[in-house]
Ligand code: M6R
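The chain below stands alone, shown as structure tokens; this is the form predicted alone.
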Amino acid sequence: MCGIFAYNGTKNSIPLLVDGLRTLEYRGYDSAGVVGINDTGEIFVQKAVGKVSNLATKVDGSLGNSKVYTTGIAHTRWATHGTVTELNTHPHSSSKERFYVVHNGIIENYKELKKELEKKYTFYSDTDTEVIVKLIEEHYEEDLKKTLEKVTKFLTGAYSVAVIDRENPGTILGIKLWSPLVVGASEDGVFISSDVNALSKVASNYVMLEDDEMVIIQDKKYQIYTAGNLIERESQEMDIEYGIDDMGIFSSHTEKEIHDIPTVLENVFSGRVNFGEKTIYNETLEELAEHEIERIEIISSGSSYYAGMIGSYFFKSLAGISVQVTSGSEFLADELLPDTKTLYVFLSQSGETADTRESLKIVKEKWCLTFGIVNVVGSTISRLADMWLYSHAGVEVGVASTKNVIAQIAVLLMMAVSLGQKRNLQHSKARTLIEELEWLGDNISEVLLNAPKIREIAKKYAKHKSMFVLGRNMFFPVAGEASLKCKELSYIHTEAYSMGELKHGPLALVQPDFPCIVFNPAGKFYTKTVSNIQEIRAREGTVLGYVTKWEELGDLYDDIIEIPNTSEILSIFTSLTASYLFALYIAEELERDVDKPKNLAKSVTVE
């Protein structure tokens, strides 16, 4: 959840660290802090509550120009233990301010450790992280490497940690378990980051640390150890894909990312769909089709969970395969009944989502077939899964995922068509669907051109405190994702229901100031949904409809958002894009920070 950034080299670390935190801020923006050390062991520390910009202002006012701190560590926080205060802000220090630590993760046994340490040390914060630095102080034996190896044996939970020692000013140690940690190298020095994206502009190559590995950075060089032994690890060249784009003409990264969706779909289909021959070909999908698959279980969380639910309809209708969708947290809480004829599919934008990642490890232990769909190359899920496909959505800065969800759904659709072609999917149906995919980007562009009208409708609905979001069959999870986006961006209470379930209780809440947002494009459930809408109108309910262009029953709705006339399956993509704009514009009307919604972090790397 939190973001770690560190540097050792020839440059002044403080500006580099602050800039690094800006690129990691989506991982947490409750508070931020930085500590630098120069060659004589002199320390510079600054912390601030709120966004990294607050820290940058304080640093600019106190750093000065005469001193250079060539080693430093920094942190942007998503609060887990302790409220949002400067005392709880990282970096945390030992009692005599010799050792400084930043930490991403959760130490589950910190209370027991703290209770024992309090017999000797005074704690100033409420965090679990302070326990780590006090343990280092307690067990230090003139060798920080051995000390850190010893300390981690006391820790239960997830962590990535970076440590500096003011008596060894040119050295940084990093170690990880479950939480991500990346080492990047350049001509001027070596970096540590929680995310490879943050290294894209400062490092020429990088290495992803594995669990229980330690990196020691000293004099612009790094070494990696496992179980105390030095190991060789080939680095990867930094790919320009990791760069974070400017917002350009858009008011937020989130708005830009919604408008990126047509380009994202081009990336998803490139090299996988031959529109000329109307075929889908991918080596991974060809390999997948060779396995005897009788059932699929999709494990994911958040928006990826709704993407998985949408995908389940694809697999059932196109490939004739039974599918179960389980949230990662519930998968971990349940008993696994391993089945070698079940394909376990794991969806995660970051590839580091904690409960999804740990679910994958459990399935791997049972020797079942695993498949990852992730957006970050080299992430844990992509490395652990037997097979994988990248969603190729590019860097997504907005905490509320948009373009990556669309990319995940597109990958799931390709998988379903590919598996279906090896089963009973009619050749003509597959070709027709692939032909439509060629124009999907244009259809979404048509939705985006309708943005001014959607904005006007959103302003009208921003006044409401609660809303139902309704859909049937494939559009039930579409409603779930649209509802989630409203929650994330606008903080308005929305509830997603299956349209047919409304009269089984929730209809009691319907009234003029409790609108119903209904997904009702042309399709096999259109007529039934119209009947349900009439039930709402009979109770003086307000209805906003996502409907196919040239809808004949426009007077049935109080407001309509039109989507292009496509097949029912592809109207999922256009409907979701329109719903993202709707949620965005409601949030803007309410003056929310759409890129950094309160209480949230983008990469959920702890359970």
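Values in this document were obtained by computation on a predicted structure and should not be read as measured data. For every residue, the number given is its place in the sequence shown, counted from 1.
Below, we turn to the form predicted together with this ligand, even though it does not appear here.
Is every one of Ser301, Leu347 and Ser350 in contact with this ligand in the predicted bound form, taking contact as a heavy atom within 4.5 Å?
Contact check passed for all of Ser301, Leu347 and Ser350.
Answer with one of Asp165, Glu297, Glu488, Asp128: the residue that has a non-hydrogen atom within 4.5 Å of this ligand in the predicted bound form.
The option sitting close enough to the partner is Glu488.
Under a 4.5 angstroms heavy atom criterion, identify the one residue in Val510, Leu419, Leu484, Ala203 near this ligand in the predicted bound form.
After the contact test, the surviving option is Leu484.
With the partner left out here, check for me: in the predicted bound form, does some heavy atom of Ala74 sit within 4.5 Å of this ligand?
No.
Contact between Ala400 and this ligand in the predicted bound form at 4.5 Å, heavy atoms?
Result yes; Ala400 sits at the interface with this ligand in the predicted bound form.
Please determine, with the chain shown alone, which of 119-127, 350-358, 287-295, 74-82 has non-hydrogen atoms within 4.5 Å of this ligand in the predicted bound form.
One stretch meets the cut-off, namely 350-358.
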